[in-house]
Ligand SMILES: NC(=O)c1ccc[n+]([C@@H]2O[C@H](COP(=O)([O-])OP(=O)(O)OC[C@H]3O[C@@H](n4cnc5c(N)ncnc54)[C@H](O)[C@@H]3O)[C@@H](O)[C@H]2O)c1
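One chain follows as C-alpha cells, the form predicted alone.
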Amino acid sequence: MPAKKVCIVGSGNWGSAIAKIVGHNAKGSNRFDPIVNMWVFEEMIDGKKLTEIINTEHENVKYLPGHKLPKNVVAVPEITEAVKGASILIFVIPHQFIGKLCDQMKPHITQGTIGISLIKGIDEGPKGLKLISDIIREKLEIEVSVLMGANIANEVADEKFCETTIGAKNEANGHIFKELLQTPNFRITVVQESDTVELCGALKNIVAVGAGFCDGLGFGDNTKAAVIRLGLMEMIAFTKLFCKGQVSSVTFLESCGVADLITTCYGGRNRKVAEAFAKTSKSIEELEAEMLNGQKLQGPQTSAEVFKILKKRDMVSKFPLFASVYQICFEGKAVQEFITCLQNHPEHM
C-alpha cells in the first residue's frame, strides 16, 4: 500500500494547531507520506508572504505565534497545488468559504480520497438543514468524517491534555483519522453518529454567545450554568428534529457534546466577543475585526442559519435561546433582554 498523502485545507489558529499534530504523526508512521501540505490563504506580514514565513521559520506568526510547526508541514498558497496527489483531506476553514473552495478543488481530487471536517457551522439548503460535511461530500464526491470536541486551539498547541470525538459513518476511515490525529495528550473516541457530532460542534457556538452576553451583563456562574443547560436542551431538541440520521442522547456525553459546550462557554472567541458586545455599543462585525486578528466568529453566523430554518418550520418559539442570540446580534434586540428568554423558557412552563 502506498503511503497516504495528507493535505490540511486551512491554516488559521485551529488549522495550525492541528498541523503540529499531523506533521509529527505523519513523519512517524509508514501509513502516511511524511510531507504534509497545508493550504494557506496568502497574506503579507511585515512585507513578507505568510507562506514564506511558515516555510522558513516554521511558525504561523499571525494565527499561532510562539509555536513551531514540524518542518515536514509545507505551506502552499494555491489550493489546486496543495491538494495535488492527496488522498486524505483535513478541512479546517471558516464554514462560509467551503463551497467556493470545494469548486476549485474538484478537478484535482483523486478516486479513493477521504476527508475529515473540523469546521463548526451549518448551512441552509432548499430542504432545510445542510451540514458542512454534506457540502463537501456532494461537491467532491468523497466520504467525509468529522472531528469535534472540547479543543481550544492554543491549549491543543500547548499539548495540554484534552479529548475529542470523531464521527465516522465509515468506521475504518474513522480509525485511519484516529491514527493520524491521536497523541498522548489529544485522545480520540470514534463514534458512528457523525451528523450528531457535527451538529454539536456547530450549535454550541450559539450557546457560547449567550454565555458571553451573561458575562458582559455581569451575571454570575449560576446564570451561566442555566444558559449551558438550556442551551444543551435546545441543541438536543434541534438535532432530533432536523438530523437525518440516528440521534442518541449518549453522543451528547462525548467530548463533542457537553464537554465542548462547557469549554466554549468559559473560553473561546464566541464567548469573548459576545461579552464585549454586551459591554459596548459596537457591532459584532466591528468587534470581530478588533479582537480576532483576522479570525472569523462562527456563533452569530450559525444562529442566523438556525433562525432561518426554524422560521421556515414555524418553530422559533420552541428555541428561545437560539432565537434571542440571532435577534440580539442581527435585529437590534437589546442584549439586556437575553435574560427574559431564560426566565420564560418553555423548559420552565
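One rule holds for the numbers: they count along the sequence shown, beginning at 1. What you are looking at is a predicted structure, and each value in this text was computed from that prediction instead of being measured.
Below: the form predicted together with this ligand, not depicted.
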{"property": "Site test, 43, 120 and 153 vs this ligand in the predicted complex, non-hydrogen atom cutoff 4.5 Å", "result": "yes"}
{"property": "Partner-facing stretch of 29-37, 65-73, 315-323, 287-295, counted where any non-hydrogen atom is within 4.5 angstroms of this ligand in the predicted complex", "result": "287-295"}
{"property": "Residue contact check: residue 92 to this ligand in the predicted complex, 4.5 Å heavy atom", "result": "yes"}
{"property": "This ligand contact at residue 14 in the predicted complex, heavy atom, 4.5 Å", "result": "yes"}
{"property": "Partner proximity in the predicted complex: residue 161 to this ligand, non-hydrogen atom cutoff 4.5 Å", "result": "no"}
{"property": "Exercise: residue 269 in contact with this ligand in the predicted complex, heavy atom 4.5 Å", "result": "yes"}
